[in-house]
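Listed next as structure tokens is one chain, alone, in the form predicted on its own.
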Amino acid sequence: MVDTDTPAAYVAHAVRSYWLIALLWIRAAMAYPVSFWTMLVGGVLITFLDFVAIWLMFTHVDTYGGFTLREIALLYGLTSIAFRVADMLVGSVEKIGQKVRSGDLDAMMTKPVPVLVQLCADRFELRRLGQIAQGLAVFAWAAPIVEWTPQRLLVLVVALVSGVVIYFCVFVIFSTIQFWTTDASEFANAFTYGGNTIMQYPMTIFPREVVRSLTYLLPLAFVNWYPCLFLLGRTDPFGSPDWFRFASPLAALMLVVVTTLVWRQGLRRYRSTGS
């Protein structure tokens, strides 16, 4: 038996278990190197088309929502990196509905590893590194417009980490709904993939009500909008407090608390396929 009596021991056990499960899938993927590299390159090209659409728009306009192409690229790159990292690490949690219907979740609950860890690490796809690389490339292209200082670098790092956590929580919260509905993966995608798409654009193109929703209800605005305002030296056109620019960790922490409560309630709600 593994000693998980203390929170630190429990977290260490969860991280180690996740890594071991993910490593199995990495080895399986690398057994077919041609297929792996083809899928990785394909991921880069497909996600690159997302930014091409934005670039084509700027062949007809100079600014969009008051932002230039490189400023939007900064927003795009930051949310894309955070989202793609979270998608690679925990995106498989969206398959809860499949696991419930097939009865695989019953087997997971008998193992000495947290169910959430098993769901997140299941079928770990290392090939999604290509999609992360695309986001990094767009961000690197946009980065020279920022007057970098140690403080701005710190805000960037904190925003990236917080963004991954926020998207992780969004994945888990909306996937957990499938404990009640059995299959609501498309509904979850509207908030995960759809949320990432919205955050690729400046909030100035959306009504104030949408911005408030993305700040106070589903805090995706803290992934890139508020941090990028600080990086670009801009004031918030919606008049939000200046400290919002540094509040990404707070938003992530609050969402972690909500996610924990939702996940526990969903797991309690689960009824075995044999019951």
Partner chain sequence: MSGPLHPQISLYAAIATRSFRRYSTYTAATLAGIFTNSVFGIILSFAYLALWEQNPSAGGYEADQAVTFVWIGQALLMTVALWSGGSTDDLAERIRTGDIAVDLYRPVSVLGWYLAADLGRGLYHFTTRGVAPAIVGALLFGLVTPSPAGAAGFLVSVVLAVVVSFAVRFLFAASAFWLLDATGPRVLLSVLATFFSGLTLPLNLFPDGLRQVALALPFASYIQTPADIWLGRHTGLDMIAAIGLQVLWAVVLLATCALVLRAATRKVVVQGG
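Predicted model only: the values in this text are computed from it and were never measured. Numbering follows the first chain given and starts at 1.
As for the form predicted in complex with its partner chain, it is not shown, yet the points below apply to it.
Only one listed stretch (186-194, 152-160, 135-143, 88-96) carries heavy atoms within 4.5 Å of its partner chain in the predicted complex, and that stretch is 186-194. Contact between V52 and its partner chain in the predicted complex is found at the 4.5 Å heavy atom cutoff.
At the 4.5 Å threshold, heavy atoms of P237 stay clear of its partner chain in the predicted complex, well away from it.
Among residues of the shown chain, L217 is not one whose heavy atoms approach its partner chain to within 4.5 Å in the predicted complex. For V211, no non-hydrogen atom is located within 4.5 Å of its partner chain in the predicted complex, even though that partner is not displayed. Contact with its partner chain in the predicted complex, defined as a heavy atom within 4.5 Å, is made by none of R70, C120 and V258.
Contacts between 23-40 and its partner chain, taken as any heavy atom within 4.5 Å in the predicted complex, involve S35, T38, M39.
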